[in-house]
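Next up: a single chain in structure tokens, the form predicted alone.
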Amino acid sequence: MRLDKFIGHTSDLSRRDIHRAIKRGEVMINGAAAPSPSLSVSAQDQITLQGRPLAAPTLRYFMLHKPAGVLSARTDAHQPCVLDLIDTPRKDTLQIVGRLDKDTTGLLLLTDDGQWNHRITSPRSACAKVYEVATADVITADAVERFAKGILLKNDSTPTRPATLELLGERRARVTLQEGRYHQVKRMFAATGNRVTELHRTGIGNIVLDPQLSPGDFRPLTAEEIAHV
């Protein structure tokens, strides 16, 4: 890897600032001043920036309790985005693993591991997503049956995969999906003549939203959570 890319992955310096630091002799490789930003380096090299050791970047995995009113996007000129809530170096390299609508709350995963992201979001993985739902009208037994059979949604060419609709009250339910179509939960309820008023994601695969996380808070995933999605 080029030296300037290595420093970019292990610090918050811009490319211009990295080149300036190297020119000023602030970057050392194995005890000697780095001669060029294009120099090839490896994980075995001892690299320091202004006397601070730079470790080879590792893959990162986070869960965020997404609050309402925040976009599942990296940046937006007019509205707050989930990355605005993440306080960690190199947050601009994080990928959002399965998005939530602006008004939907709950579990959101972020990582810079593209393969892990794909394993969760690929339709072939059938990774379960669990939501708690509140509706405008009473949820009928017919809706439970229709969810279980799969519903052909408007503008879709194939029905949804069978989904579990567990009643928690007259207007509250837990929904488990094996896919992630656009606005799927809301559209499925709309197809039954009902309307979702609140939507909160509590789980993705074996990862469950940490009850200790308040809306807007985040934490790294544990090794067990990462391995058992």
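Quick caveat, the model's predicted, so the values are computed rather than measured. Heads up: residue numbers just count along the shown sequence, starting at 1.
Although not depicted, the form predicted together with uracil is the subject of the following passage.
- Between the options 173, 64, 185, 27, the residue in contact with uracil in the model of the complex by a heavy atom within 4.5 angstroms is 185.
- 101 is the sole member of 132, 84, 101, 112 with a non-hydrogen atom within 4.5 Å of uracil in the model of the complex.
- Interface residue remark: residue 163 is not counted as part of the site for uracil in the model of the complex, having no heavy atom within 4.5 Å.
- In the model of the complex, no heavy atom of residue 47 sits within 4.5 Å of uracil.
- In the model of the complex, residue 70 stays away from uracil, with no heavy atom inside 4.5 Å.
- At a distance threshold of 4.5 angstroms between non-hydrogen atoms, residue 204 is out of contact with uracil in the model of the complex.
- Only one of 84-92, 101-109, 118-126, 138-146 places residue heavy atoms within 4.5 angstroms of uracil in the model of the complex, namely 101-109.
- Scanning 194-216 for heavy atoms within 4.5 Å of uracil in the model of the complex gives just one residue, 199.
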